[in-house]
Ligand SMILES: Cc1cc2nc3c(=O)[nH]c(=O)nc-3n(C[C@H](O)[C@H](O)[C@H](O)COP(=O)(O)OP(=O)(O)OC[C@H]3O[C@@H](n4cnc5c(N)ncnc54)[C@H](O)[C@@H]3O)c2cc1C
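Encoded as structure tokens, the following chain is the form predicted on its own, with no partner shown.
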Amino acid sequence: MNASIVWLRRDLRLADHAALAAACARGGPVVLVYIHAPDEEAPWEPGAATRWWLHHSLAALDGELRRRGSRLLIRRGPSLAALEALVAETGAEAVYWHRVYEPALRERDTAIKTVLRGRGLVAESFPGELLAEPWTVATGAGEPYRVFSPYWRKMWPTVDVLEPLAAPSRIDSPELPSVALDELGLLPTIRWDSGFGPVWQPGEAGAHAALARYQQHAAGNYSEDRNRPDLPGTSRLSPHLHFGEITPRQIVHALLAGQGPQARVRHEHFLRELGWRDFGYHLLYHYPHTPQDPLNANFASFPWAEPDPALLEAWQRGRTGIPIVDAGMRELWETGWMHNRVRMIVASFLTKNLRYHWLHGARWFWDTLVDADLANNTQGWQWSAGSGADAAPYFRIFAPVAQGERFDPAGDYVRRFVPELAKLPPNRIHQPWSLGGVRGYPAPIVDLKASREAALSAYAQMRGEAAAG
């Protein structure tokens, strides 16, 4: 049959798809397959919110393929066995895919490529999910970067504003048996996801709609508004990027192509956020232990507090008594997403005011975020805890009241997600205890000043032990 197989993972799109373009250029039928093998991602198997997104993204991709005379094929893992079965069914001579960078998956992909090539097949992986491959950016000494700013200065000038690959207008695919999407069991059986549908449109079309909204409404004021959770000042592209429904190259091209040299300056703050995303993968690639262990080895001995289950649940459910923290955690539960500024605030509260290990937060985010991404989830939590790259020193502790008053000055964000406080004036909404409390809303679960001092004491203890040897 001389077929080619395109193995889809987190590249659920048809445009700017190098693996699909290679298969189409080779000629003959093209089989686009998604292989469901979540156990191969252990110990970080996809969480509940990302499974919700995956279901709808696969459905959207299948619809796009059917409009082109094809369809999405779904099989169950193990991945190698599923690919070998497809090769036998179709007589395929080539298998193409886009790279992923998580340690367990890189190891798996390398083994699969070796087996397929050993059997005489073409087996090729392609870049496309990042601006720069993690191994292509190094210090002058040939070492990986551990600080973002010099990484960005080295990486960004190498990025070209290339024309993205067009989606094929037609794809010829053979009729093959497929697992039904519903059989994967990706959607929740208890309907906690009712708030997701109104705010998200998974799929390639949704990704480009989000980019268009950003360009129209937020790009001009991004540098000022990006820290304001009460304003629509961000792109909300992160889940679309995670699932590969849009590529960084498409975004850069949309913002910069034909706009002149000043466009790079005008969009610098936003483009740096794409750089931070790449930096997370750079760290994960070079330091594969960091999803579980601190990048800064001194933190292996940090005296984390033993979690009180009731206090941990109060943080998870947005019942801490600290309004900006509770608003963020409720936004996460309701929508599967949280504004980045608020992510830093709630992470600081967990790791410093409660002094709980950052993994408790990383695991909760992993299960509840639609954009849960191992590289960036790890980087964000280690940064907040003080144990990662580019970490603010541990003693730089976010003051949640001051953060709320600065970045949600009228209290609109808190009012949206914490309706118990909706009637409070702006000068009180971030510290309701100053009014003696509000009926139906909890008192703070921790004293902010005392817990800050306890965190500083714990940090001093760790530093003293590290210095002693």
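Just so it is clear, the structure is predicted and the values come from calculations on it, not from any experiment. Position 1 is the first residue in the sequence shown; the rest follow in order.
Omitted from view is the form predicted in complex with this ligand, to which the following refers.
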So in the predicted bound form, is this ligand close enough to E129 to count as touching (4.5 Å, heavy atoms)? no
Is there a heavy atom of L369 lying 4.5 Å or less from a heavy atom of this ligand in the predicted bound form? yes
Since only the chain is shown here, I'm wondering whether H267 would be in contact with this ligand in the predicted bound form (any heavy atom pair within 4.5 Å). no
In the predicted bound form, does N376 have a heavy atom within 4.5 Å of this ligand? yes
Among the candidates A92, M344, L186, L354, the residue which, in the predicted bound form, approaches this ligand to within 4.5 Å (heavy atoms): M344
Of the options D230, E273, D172, E334, which one has a non-hydrogen atom that comes within 4.5 Å of this ligand in the predicted bound form? E273
Looking at 75-83, 238-246, 289-297, 157-165, which stretch has residues with any non-hydrogen atom within 4.5 Å of this ligand in the predicted bound form? 238-246
Check F349, F407 and L456: does every one of them have a heavy atom within 4.5 Å of this ligand in the predicted bound form? no
